[in-house]
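Below you'll find only one chain, the form predicted on its own, shown as structure tokens.
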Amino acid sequence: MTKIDYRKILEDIKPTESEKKKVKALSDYLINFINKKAGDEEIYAEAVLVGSVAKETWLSRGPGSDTADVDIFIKFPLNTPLDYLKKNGIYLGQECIRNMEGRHEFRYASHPYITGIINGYEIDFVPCYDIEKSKQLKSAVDRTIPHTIYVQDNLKKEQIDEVILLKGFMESVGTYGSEFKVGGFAGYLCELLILHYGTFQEVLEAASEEWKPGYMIDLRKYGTASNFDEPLVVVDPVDPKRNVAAALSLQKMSEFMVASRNFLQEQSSTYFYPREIPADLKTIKEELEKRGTKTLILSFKTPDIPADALYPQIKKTEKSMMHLAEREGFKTQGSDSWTDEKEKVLILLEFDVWMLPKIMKHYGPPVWSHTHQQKFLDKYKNKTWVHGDKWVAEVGRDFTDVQLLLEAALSENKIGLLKFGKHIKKEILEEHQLIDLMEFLESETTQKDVLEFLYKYLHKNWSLWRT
């Protein structure tokens, strides 16, 4: 079996010295600007570099890729009023972006922060409190500076490459990123896994051989791991009350375990590089026809809200529609959703059973339950009979076609049957389209990323194998 040349892989995914100098120079300039501005205007705050750039564990996909996400935290003394922190933290970030002639947008974590696009890089300016220990914590973002210091103090120089390999592998197999859209491994979690196991190879070996739901890692032996019930528990070294892996879904944990096992068996360097998705309209149509299922597409305009708020609302809507269909007797095959985050949202719903008879059996009380029995008989009269020890009635269905059921549920007078965020509800009520997927594919020139979304739905294991 050919041995993997990790040096060659690192040449492709590790920032070059010139890239690091470029990012460091920009970061230093921005931090110096903010600190001078704060000093000139007597704002009690100090900017510091945090995150993967500060730890040199960020991924690069080649010269000019500008993939570094620069995190600059603006820390305020613990006795600072929250309103003062928010106002002046945002102000300093805005002034810095304006000075660099960048563009900005407001985002929200524990409290508002501002993101700027400067010289092609995405820069987050986040106000926070200057804490030294977890007991001083006032918001979730306050942990970030201690996180950075902990990794800088404990990660050996040679382990930086191990972190980059792990992140590159996870990114390629689709399990990297703790945002709701992915539900995967955070960068800080990757760093802690390397600190715990030592190397990239050892992380994969443990994941493929030892991990199972409820697996616990406690680097500092706090003894608090059993307080959490997520699929993977990694106690935060700087806060024993927090599970660093809390955002990791069971799905992504399982996918990483499978991909790790496959890589260790195949020893292929292709696991570190994104696969080209062979998605074309003709192939997708042919595959859909072979499945013999009914697939619907709900499309509507993307609400104007941040991505971290958008994705949970989309997923909530998707699940609610599937639950409604199942409650009414329609058998589901699967579902998924996609958005370009700007113009369009698509929710895909696939059914094994999408048409039902006009009648169904409705089970009532046991024959010995006299009070309930009488109410049942009064309601259904001559449509009742006894099956075993229970009364049964023959009743008509309100909907025999799942598409008609869902379309009704998306109307103004039936919208309460579904659960979704208010922003999604507003857009759906204003305008939406619910049609068969084949009709959807015929009705418009389908963009490449939509075809890729459909291909990955039809090939759910696409990222996990390379041979």
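Everything numeric in this text was worked out from a predicted model, so none of it was measured. C-alpha atoms forming the largest set that superposes within 1.5 Å between two forms make up the rigid core. Numbers for residues come from their place in the sequence shown, where the first is 1.
The form predicted in complex with another copy of the chain is left out here; the points below concern that form.
Between 215 to 223, 87 to 95, 167 to 175, 383 to 391, the stretch whose residues reach within 4.5 angstroms of another copy of the chain in the model of the complex through a non-hydrogen atom is 383 to 391. Another copy of the chain in the model of the complex comes within 4.5 Å of no heavy atom belonging to residue 337. Another copy of the chain in the model of the complex comes within 4.5 Å of no heavy atom belonging to residue 182. Remark: residue 251 counts among the residues lining another copy of the chain in the model of the complex, judged by a heavy atom distance of 4.5 Å or less. Contact annotation for residue 202: none of its heavy atoms lies within 4.5 Å of another copy of the chain in the model of the complex. Contact annotation: of the candidates 269, 134, 299, 293, the single residue with a non-hydrogen atom within 4.5 angstroms of another copy of the chain in the model of the complex is 293. Checked against another copy of the chain in the model of the complex, the candidates 197, 129, 211, 273 yield a single residue with a heavy atom inside 4.5 Å, and that residue is 211. In the model of the complex, no residue of 406 to 435 lies within 4.5 Å of another copy of the chain by any heavy atom.
Annotation for residue 201: C-alpha shift under 2 angstroms between this form and the one not shown, rigid core superposed.
With the core held fixed, the Cα of residue 101 is displaced between this form and the one not shown by less than 2 Å. The Cα shift for residue 365 between this form and the one not shown, taken after rigid core superposition, is 2 angstroms or larger.
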